[in-house]
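Presented as structure tokens, the chain that follows is alone, the form predicted on its own.
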């Protein structure tokens, strides 16, 4: 019986043989010591490398080699690169890491070998460009535009993930808030969201606990450009008054919120995210209309020459203002860092600290945090 590791080594050996053959053709007089498979000159495209070293497992069209030719049982994480819903959310950095260091480096199967001794980083980039061409539906934004999630600012990229977020008051009235967020992608350009808050509050002098205002949301991507590194979306939320006003968890009015979100990726893995919107209560005698502007700027750092785990410090600047005459805008800053919890990096965490810049009376400093599970990349306990 063929083992997964043996199959992976066969794929690497096949590519090494092709590279060696090309190197020998370059010069028949080259010594054995210098004829090692390190010459990329005769590979003119990623398609040539794909056909030399990848087709034996992944098939010519990226859907996987035929069962009678493959010779091994595919693992649950075996990709179909022509399937846009599952291939486009992956970033080029993730694919580059797996091709360079092999599947186990990212918590995937040993069937995928390491090609770092057979391909240059330029060649790996060529292969990735070819793999991208196997999804032919341009409406799907690529995972490179899936920028790190800030603690407050809404992202423009439609997601498939579950998030548990929380806040802890660091001064003033004691309070602990928690929110369960479920996000489910709808096709190439849209996303559905359900938000369930639950809070513990001591605003009335004694501890109380209650659900907050439940919300349903929808996000629609309007435009994206991988070349420019930009993505723009609009969305809305319907917030129901399910909270308890006696405990301070809401419950005063139905609110409709509409917003726009923009993400911009720059060189060096730096980025900017903007999120602006208006809150429109149904009962404006209880809650005023409000406007907000949220922004996040950050930079991602990676270990192992860019192929290891990725850490992202960010700074958010948050402004909100009741649309009432004579009221000034409240401004906060939120320094934070997103950290990976596992090798596959589909389980992440973030911690930060929210600090009021002005109008500090009655506005508290807070510790903020979340845990995130991108469930399209595998089970919660996978990839560690």
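Positions refer to the first chain, counted from 1. Fair warning: this is a prediction, and the values are worked out from it, not measured in the lab.
A second form of this protein, the form predicted together with heme C (HEC), is not displayed here; the remarks below concern that form.
Visitor: With the cut-off set at 4.5 Å between non-hydrogen atoms, does residue 57 touch heme C (HEC) in the predicted bound form?
Guide: Flag for residue 57 set to yes.
Visitor: If you check in the predicted bound form, is residue 352 within 4.5 Å of heme C (HEC), heavy atoms only?
Guide: Residue 352: no contact with heme C (HEC) in the predicted bound form.
Visitor: With the cut-off set at 4.5 Å between non-hydrogen atoms, does residue 113 touch heme C (HEC) in the predicted bound form?
Guide: Taking the distances in the predicted bound form, the answer for residue 113 is yes, it comes within 4.5 Å of heme C (HEC).
Visitor: Can you work out whether residue 50 and heme C (HEC) are in contact in the predicted bound form, taking contact to mean some heavy atom pair no more than 4.5 Å apart?
Guide: Yes, contact at 4.5 Å.
Visitor: Name the stretch: of 297-305, 79-87, 235-243, 180-188, exactly one has residues whose heavy atoms fall within 4.5 Å of heme C (HEC) in the predicted bound form.
Guide: Flagged stretch: 79-87.
Visitor: Could you work out which of 98, 156, 199, 151 is the residue within 4.5 angstroms of heme C (HEC) in the predicted bound form, going by heavy atoms?
Guide: Exactly one residue meets the criterion: 98.
Visitor: Considering non-hydrogen atoms and a 4.5 Å limit, which listed residue (276, 94, 253, 169) is close to heme C (HEC) in the predicted bound form?
Guide: That would be 94.
Visitor: Should the three residues 75, 109 and 127 be counted as contacting heme C (HEC) in the predicted bound form, with contact defined as a heavy atom within 4.5 Å for each?
Guide: Yes, the whole trio is in contact, each within 4.5 Å by some heavy atom.
Visitor: Let me know which residues along 160-194 have a heavy atom within 4.5 Å of heme C (HEC) in the predicted bound form, or say none if there are none.
Guide: Residues within 4.5 Å: none.
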